[in-house]
Structures are given as structure tokens and as C-alpha cells.
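Alright, two takes on the same chain below, each alone as C-alpha cells: structure 1 and structure 2.
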Structure 1
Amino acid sequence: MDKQKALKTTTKTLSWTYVLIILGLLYLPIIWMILWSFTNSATFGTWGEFTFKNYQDLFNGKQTKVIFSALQNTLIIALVASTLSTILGTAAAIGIHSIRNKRVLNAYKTTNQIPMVNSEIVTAMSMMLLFQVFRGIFKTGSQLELFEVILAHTSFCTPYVILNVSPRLAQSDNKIYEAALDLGCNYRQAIFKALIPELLPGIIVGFVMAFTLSIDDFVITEFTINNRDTISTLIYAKQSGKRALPSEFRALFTIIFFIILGLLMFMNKPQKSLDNKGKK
């Protein structure tokens, strides 16, 4: 018994040690960045003094206009692309779920997985070539490049929405949808009043995932945008030539981290709470 108890204790200790090491590798760089956002030291190895200067410079400094212009572009692209992705992905998931032929169903599922497993550089290059063809045909130049980036992000994010909504469809009770039809709803009313509330948790998670993927994306954005900057392309431009990033970017990254953390906490709310919201 003593040996079993000692073995159990050792296993538990090793398990916790392994978890702490992994968490340390993942989050220590972020914690380091957050700490250094409160000093104006030029390098991460030398602590100057505790200050909010980086945050002041972020909102009222030389780079403020450039940063917030890039942030505005980023949010516009992310919000529009994630909204379109959610609408298209939800509709596609419902359509795929209604397919009864297994071969056709597997073909659709495989097709949906290709953009997710495909190299992002391939998607970015193909999008760039496609938009160049459209610009040549319709003589638009770069006037619609923000619209083009939104389309590129929508095509990139939609499969992830389908991936999040499909499990909810598999778990949903078809009898609710059929009962709505029997009680006098037409197909549109049955979908919006009976089916969509059932899928709401998956739709919300899909939207948040599409939003974060769009904000985070660099490769597709870099290949499809020319005369504007997003946060990712601005950081790349500032970092080119191995120059040190302006210190106010540390404050910006810290704010973005806590916003994303809040979104993730919202995504990971108890499923029962989300289900209750969907039924209401």
C-alpha cells in the first residue's frame, strides 16, 4: 500500500510538473511582454522604471495615428469577414447536414477540410492572383482592396465556422424542426425559430473563432493588401530590417491579449448557460 501510495504521489507530482512546464513555455513570453509594457526601456533585458508612458504614447504619441488606422482596418476586416463567415458557414453546415448520400456527404466534408489543412501561403498566393485577374478585367486598380481582403478572410474563416456548427447539428433534435413545420411554420420560420436557437452556441463559437483568426492573419492579408495596413502588416513593416519595435506596441499587444482572453473566456462559458440562451 505504501509503494502504491508513493507511486501515485510521484505520478501526480510529475504530471503537475509537466503541466507547469508546458504552461510556462506558452505563457511566460506573454507575461514577460506584459511586464515590459510598463517600462520604457528600449530592450527587454534592461528594466528602466515603472511607467505608463507606453500606454500614453499609444493613445497620444507619434505612432498613434498610424497604429489606430491599422487597428481600424483590422477590426473592419475582422468584423465583416467573421459576420459573412458565420452566415455562410451556418447555412453550409445546415445544407451539408441535410445530405443523406454518404459519398456526397464525405465529399463535402473533405472539401471543407482542404482550406484548413492547406498551406496558408498557397491560399494567399491564389487569392492574390485571382484579385489581380479581376483588377485587370474590371479596371478597378487597388480601389477595392479592402473588399478583396474581406473576401479572402471570409473564404479562409468559413470552414472553421462549419466545423463548429456541424457538431451542434449532429447533437440537435430534428424533431423540434419537424414539430415546427407540423405546427404551421414554413421552412424559413422553422429554421430561424426552431433550428437556429439550437445551434446558437456553435454559431457564437464559430463567430468568435473567425474573428480571432481574421485579426491574427498575416500571410493572406500581406498578399492581398497594398495601400493600407492592418496590425499584422504594420508590425511586419516596423520590424523589417531587424529594427526594434516602438515601445508603445508592447502596450498595444497587452491590450489585444486581454481582449482575446476575454473572448476566449466567453467562448468557454459553461455549455449549459449557452444552451439556455439559445432556447430563450
Structure 2
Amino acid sequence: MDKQKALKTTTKTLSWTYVLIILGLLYLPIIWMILWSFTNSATFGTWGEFTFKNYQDLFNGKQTKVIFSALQNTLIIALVASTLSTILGTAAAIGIHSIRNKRVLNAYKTTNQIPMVNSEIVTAMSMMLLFQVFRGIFKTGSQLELFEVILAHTSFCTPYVILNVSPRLAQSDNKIYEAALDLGCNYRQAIFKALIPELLPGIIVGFVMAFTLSIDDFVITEFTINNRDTISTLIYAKQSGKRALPSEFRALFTIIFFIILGLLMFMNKPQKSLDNKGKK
């Protein structure tokens, strides 16, 4: 009996050691990058001295103007695209929930899945061609590119809003909406005052998820943007030259990492309470 117990403890220790080693490897590059954001050496091999210079340069240096205009584009795209996705996606989720025709329902569900399962590069390529054809028809140039990128982002973010709103709808009581109608609400009031508040946690998580996906996107943005830059496309443009990536970018990476960490923690919170509800 003791022998068996000892064996069990050994297996447990071994397996957790394994998990921790892999976790360590997974984080090594990120930790490495954060560490080296605090030194002024140009390359990664040699440690200069401990300094916040990279962070100072980020806000007041050679690259500041470029970085902040890219940041501005990134935020405009993400805010508009995630707002559009949230509105479209919430309405669609409510609509899809009450579609009874099996064929129509399947058509919606299958099409909605395409952006989630498709390879990013295929989506990117198809979006680029769509705007190419639009530009040919309407004789417009690249002046509308931000708008185009926003549409492309809305297209791949909306399914994730639906993904978050639909389970809430399935759990919510259909009677609340009907009761609101019976109590004299018109349809608009019933939706905005009875249904939407019920769905709000899902809608918020969907919005944050869409926002995160949008600021994180590189492939689709790179294909649909021409003259401007977002943070991702700027990083790609800066690394592709012969010269090493400017050191203030390490500071930028560190800041982005912690912002994403914050967003993820936020997303996980309501999601968890949602899951618990589902389990009951």
C-alpha cells in the first residue's frame, strides 16, 4: 500500500515538473523580452546597464511619432470595428435565436463559422481582392483604406461576439421578453429594456474579445492596409530591414503584454460566472 502511495506521489511530482518546465519554456521568450526592455544595449547578447531609457524613448524619441500614429490607427480600427461587431453580432444573435427554419438557421451558422475556422491568410487574401474589385468599380484609391480595414476586422470579429452572446440567450428566460410585451412594452422597449440587460455580460465580453482580436491582428491588416500602419504592421516593417529592431520596441512589447494580460483577466471574470450558471 505504501509503495503504491509513494508511486502516486512520484508520478504527481514528475507530471507537475513537466508542466512547469513547458510553461517555463513558453514564457522564456516573453520574460526575456521584458528583461531586456530595461537595458540600453542595442543587441540582445550583451547586457548594458539597467535603465528606463527605452521607456523614455518610446514616449519621447526618434520613433515616438511613428509609433503613436500607428497606435492611433490601431485604436481607431479596434474601437470602430469592435463597436460595429458588437451591434451587428448582438442583433444577429437575438435574430438567429428565434429563427425556426432549419435551413436558414444552418446557413447562418455555417457562414458565421467561416471566419473562425478559415486560415487567416485566406481571409486576408479574399478581403484584399474584395477591396481591389470595389476600388475598380467605384474608382476610389487608398483614401478609404482605414474604412476598409475596419470592415475586414468587423467581418472576423462579429462571429466572436455571437459566440459570447448566444449562450447567454440560450440560458435567458424567453418569458422575460414576452412578459415585457404583455405588460405593454413595444418591441423596441422589450428588446432594449428587458432582453439587452439580460444579455449584457455576454455583450461586454464579446466587445472586449472583438477589441482584443482587432488590436492583435496582423495578417488581415497587413493585406488590407497600404499607406498607413498599425502597431502590428509597424513591427513587421521595422523588423524586416537589415538593422536590429529599435530598442524602444522592447518597451512597447512589454507594455502591450501587460495590457493584453489585463484584458484577458477581465474577459475571464464574467465568463467564469457565466460558465458556473451553465453548470447549474
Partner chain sequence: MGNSSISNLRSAFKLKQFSRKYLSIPYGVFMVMFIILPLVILFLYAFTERKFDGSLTLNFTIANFKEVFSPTNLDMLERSFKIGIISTLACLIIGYPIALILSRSTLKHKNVIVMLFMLPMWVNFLIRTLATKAVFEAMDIKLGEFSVTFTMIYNYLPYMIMPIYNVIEKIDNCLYEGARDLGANEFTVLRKVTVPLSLPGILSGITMVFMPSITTFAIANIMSNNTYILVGDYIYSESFISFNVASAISLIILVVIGISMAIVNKYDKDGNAQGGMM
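This structure is a prediction, so every number in the text was calculated from the model and none was measured. We call the rigid core whatever largest set of C-alpha positions still superposes within 1.5 Å between the two forms. Sequence positions of structure 1, starting at 1, serve as the residue numbers.
Source of structure 1: the form predicted alone. Relative to the superposed core, residue 59 shifts its CA atom by less than 2 Å between structures 1 and 2. Core-based alignment between structures 1 and 2 gives a C-alpha movement of 3.5 Å at residue 13.
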